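First, one chain by itself: the form predicted alone, in structure tokens.
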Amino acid sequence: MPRVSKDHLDARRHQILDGARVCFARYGYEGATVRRLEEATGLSRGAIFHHFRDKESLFLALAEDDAHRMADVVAREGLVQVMRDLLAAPNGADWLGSRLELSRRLRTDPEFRARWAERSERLTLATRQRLLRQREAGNLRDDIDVTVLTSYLELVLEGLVSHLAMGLPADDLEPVLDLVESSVRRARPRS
């Protein structure tokens, strides 16, 4: 039997995650049946579960993949940029649906919450580290603890997710994000 390259395996894994993201967003966790996952990914159950032990492992990997992507943006540009990207993303609805399903499972499933807690710290850590770097560079206000600023920005993100989930208009939110961003920056002395 021929060996499959790591690049091929990685591409297949991403294909599965992309299809699963759409499926979970459209049908929710319970409604994302194996048959629907097969349709959404274009792959057989054997191919899907070769990469992921079970549906929950697939969902956790998807949520973790989203968190890694967000953490990378946070490390480079900050959490407000994640919010801006969410407003501008053409596939934001799929990410949003997965994010809402993640929130629902965190609220209703203690075992899932425990498994996710091990993985979710990366985004919080990336936000905190970015804020610390900004503070050291003199760009961040220093009258509020970085932990509080991190919680504040995460809360704004969750509020934005809720706003979008309710289908409320989002075309006028850029000035709101400008305000959020300026609220954590150090005030520059007026000349």
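Sequential numbering from 1, following the sequence displayed. All values derive from a computational prediction rather than experimental measurement.
The following text describes the form predicted in complex with a further copy of the same chain, which does not appear among the structures shown.
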{"item": "Of 125, 34, 132, 155, the one that lies within 4.5 Å of a further copy of the same chain in the predicted complex (heavy atoms)", "value": "155"}
{"item": "21, 81 and 137 all contacting a further copy of the same chain in the predicted complex, non-hydrogen atom within 4.5 Å", "value": "no"}
{"item": "Contact stretch among 35-43, 49-57, 63-71, 141-149 - heavy atom within 4.5 Å of a further copy of the same chain in the predicted complex", "value": "141-149"}
{"item": "Contact flag, residue 17 vs a further copy of the same chain in the predicted complex, heavy atom cut 4.5 Å", "value": "no"}
{"item": "Residue 106 within 4.5 Å of a further copy of the same chain in the predicted complex, heavy atoms", "value": "yes"}
{"item": "Contact label in the predicted complex: residue 179 to a further copy of the same chain, heavy atom within 4.5 Å", "value": "yes"}
{"item": "Residue 76, heavy atom within 4.5 angstroms of a further copy of the same chain in the predicted complex", "value": "no"}
{"item": "Contacts with a further copy of the same chain in the predicted complex - residues in 146-179 whose heavy atoms fall within 4.5 Å", "value": "148, 149, 151, 152, 155, 156, 158, 159, 160, 162, 163, 165, 166, 167, 172, 173, 175, 176, 179"}
